[in-house]
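The chain below stands alone and is given in structure tokens; this is the form predicted on its own.
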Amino acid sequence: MPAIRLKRGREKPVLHRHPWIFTGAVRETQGEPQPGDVVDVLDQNGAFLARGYYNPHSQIVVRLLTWNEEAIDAAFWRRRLETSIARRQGFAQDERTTAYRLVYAESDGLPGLIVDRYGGADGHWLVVQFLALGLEPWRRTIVGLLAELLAPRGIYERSDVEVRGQEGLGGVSGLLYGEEPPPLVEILEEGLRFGVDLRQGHKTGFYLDQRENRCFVADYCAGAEVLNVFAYTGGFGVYAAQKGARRVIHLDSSADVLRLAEENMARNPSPGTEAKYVAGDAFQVLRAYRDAGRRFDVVILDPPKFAYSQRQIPSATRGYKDINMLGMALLRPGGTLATFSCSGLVNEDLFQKVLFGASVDVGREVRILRRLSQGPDHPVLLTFPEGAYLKGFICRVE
């Protein structure tokens, strides 16, 4: 088998079972591996360490699959998929929740592979993302196994994401198996109903990673006037209304997703809640609200990813500081700020420092009430801390 040999002293992360090997750790390549091939990883003396797929076009030159000298074949993929699916049995048995993540890439020992399940009254669909070059030779195998193990009505690919560019791949989307999903699949989440656009929606259609956080934030919304910023299809606002918010303003840049947010509010009637939908740039609209003296009891900030690379971290932190300064300024004394970052490169400690700077500059006293992260269907492998990308805080702003 082709192999890469590591430089002296660079084997420690592999021995600690971190699944990425960067180009700077490689001493030499043995044989003639092609991009996407499986290769062995050897220490400086030629001893076997691990096995994974190879991509010389990526900074992550090898994504490790196993630390054993086992064959990477259909049986391997079956074992890994079965194990990953079994980890979600609690979700499978919960009739109040029909949408959740089944495979979370490196954290489930399947680097670069995402599989989400979206279920409705008439069956379920799987949405998959192939985010690593090494998965390409195994597409048909993986899709066939998912069809066999889970019996979905269809499997739809949403590999139309920027990260594939770092692997030398273009964006791809489309039907891989079975039936095309309808324009909207209605799911249940904690007993609430949401329409999800699997073909065109953000990520794989819905922010499954925020499920538990929607519950936590809603607990602060009874009787409140809520500003739901970066509202997407209304998730946080629907939960807030169900908890008795007197008014919810959904703000998003896209009028199309706000129409779906309005539909989702209607799917979950809350007669005591007034709802409003505002399409516009969040920074501009929040500044206009601030200058007009508008105030709210709860402000929810769930922005898109701001940092895709190390060089973008400074601009991302400036963006997070700006939006949080605006959010704090719009709160009545004693109000609640629920704020999030899904940029994996901005860790929780840095995000907290950004909030500290925002509070100082806006002159508000802020206390953290609860720390938030992604749900249990997005587990974080201890040997792969990069899997912890979502962080959030619920804060009281005096």
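Numbering starts at 1 and runs along the sequence shown. Treat the numbers as computed from the prediction; the structure is a model and nothing was measured.
There is also a form predicted in complex with S-adenosyl-L-homocysteine (SAH); it is not shown, and the following applies to it.
Against S-adenosyl-L-homocysteine (SAH) in the model of the complex, the set T317, G327 and G357 makes no contact: no member has a heavy atom within 4.5 Å. Although the partner is absent here, A231 sits close enough that one of its heavy atoms falls within 4.5 Å of S-adenosyl-L-homocysteine (SAH) in the model of the complex.
Though the partner is left out of this view, G154 does not reach within 4.5 Å of S-adenosyl-L-homocysteine (SAH) in the model of the complex, counting heavy atoms only. Contact annotation: S253 falls within 4.5 Å of S-adenosyl-L-homocysteine (SAH) in the model of the complex, judged by heavy atom distances.
The closest heavy atom approach of R80 to S-adenosyl-L-homocysteine (SAH) in the model of the complex falls outside 4.5 Å.
Think of it this way: in the model of the complex, S-adenosyl-L-homocysteine (SAH) has a heavy atom of just one of F130, Y220, Y104, Y207 within 4.5 Å, and the residue is Y207. Residue in contact with S-adenosyl-L-homocysteine (SAH) in the model of the complex (any heavy atom within 4.5 Å), chosen from L184, A224, L135, V257: V257. The stretch among 235-243, 291-299, 139-147, 156-164 whose residues place heavy atoms within 4.5 Å of S-adenosyl-L-homocysteine (SAH) in the model of the complex is 235-243.
Shown without its partner, the chain has D302, P303, P304 in segment 290-308 as residues with a non-hydrogen atom within 4.5 angstroms of S-adenosyl-L-homocysteine (SAH) in the model of the complex.
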